[in-house]
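In the block that follows, a single chain appears as structure tokens, in the form predicted on its own.
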Amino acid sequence: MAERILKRPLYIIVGLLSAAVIVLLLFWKPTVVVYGVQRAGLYAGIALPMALILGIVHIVNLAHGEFMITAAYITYFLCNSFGMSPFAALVPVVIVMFLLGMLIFKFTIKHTLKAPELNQLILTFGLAMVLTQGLNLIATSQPRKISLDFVTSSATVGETTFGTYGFIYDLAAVLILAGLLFFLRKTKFGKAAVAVGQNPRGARIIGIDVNKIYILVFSLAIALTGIMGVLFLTSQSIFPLAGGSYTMKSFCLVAMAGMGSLPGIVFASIGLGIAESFIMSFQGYGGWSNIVFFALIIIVILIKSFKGKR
């Protein structure tokens, strides 16, 4: 309790400083905040399923971004071959990704749950390579994109004009967060999943089918990643290697937010999104935005290491 009380002033100070920075940017570079929040929605929507897997199944999924890009390619195939709208393809893509998650868990992940963490990391890294090379063989490395008129929609507030479609990522992230919180806190299966995440052995003793929880939670997370893959395709070009950076950013956000803090991932995403958008606003320095999350994760690790020594 005392530790929590001591932490509260720090959280308040960080929150006030963050709010002050955002207010300053709204007056100085308003588009930085707008596009930063839009990027934050994309990052949060991708990172939340990773946090679900890590928090309950206790595996760092290094193929996370590759699953998203796989969903994007499936959507591209459905749109090109059957003339479907990406939003109409959302349902079949989610079903396919859920089933894919079940198969991958049953034939690979399940057999490493009791293995050393290094084995699990190597396995998911191998899955990432298989998915990437499989997409490369099937679809080649040529970038793919679909043209949608509404993606270029914009709005003007005062003297500032900005694109509005990117807010769809924020909507998706909010819905995913709300859905996961409701699932984990209000449903019988969700409460069982929380129990398994906290103490698998104790959950097994009281009659919870731990293996069933693991496979369904993993599959649900992959299905949610599929939703973000569909939305990603609507505004971005895709190619087989596009998912790797989103795996790393998702891991960075989970580390920043802390284990089990789904709302914390949203706030961490806002910080990362605005930081990247701020750097990209300076002509000639946009490339530096790609190392922001590396710097953030190093800072987080150092801070947590310092606290651990205390």
Partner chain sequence: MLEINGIDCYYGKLHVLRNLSFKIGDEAVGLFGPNGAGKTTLINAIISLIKPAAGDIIFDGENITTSETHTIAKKGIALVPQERELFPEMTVYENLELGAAFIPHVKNRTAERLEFVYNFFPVLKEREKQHAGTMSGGQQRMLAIGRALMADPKLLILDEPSLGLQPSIVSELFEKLAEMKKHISVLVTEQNVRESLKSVDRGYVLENGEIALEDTAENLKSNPHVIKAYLGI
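Positions refer to the first chain, counted from 1. Here the structure is a predicted model, which is why all the values come from computation and not from measurement.
This next part talks about the form predicted in complex with its partner chain, which is not shown.
Only one of 194, 84, 139, 177 lies close to its partner chain in the predicted complex, with a heavy atom inside 4.5 Å, and it is 194. Contact with its partner chain in the predicted complex, judged by any heavy atom within 4.5 Å, is made by just one of 90, 220, 203, 100: 203. For its partner chain in the predicted complex, the listed stretch (207-215, 91-99, 225-233, 69-77) containing residues with heavy atoms inside 4.5 Å is 207-215. Its partner chain in the predicted complex is not approached by residue 156, whose heavy atoms all lie more than 4.5 angstroms from it.
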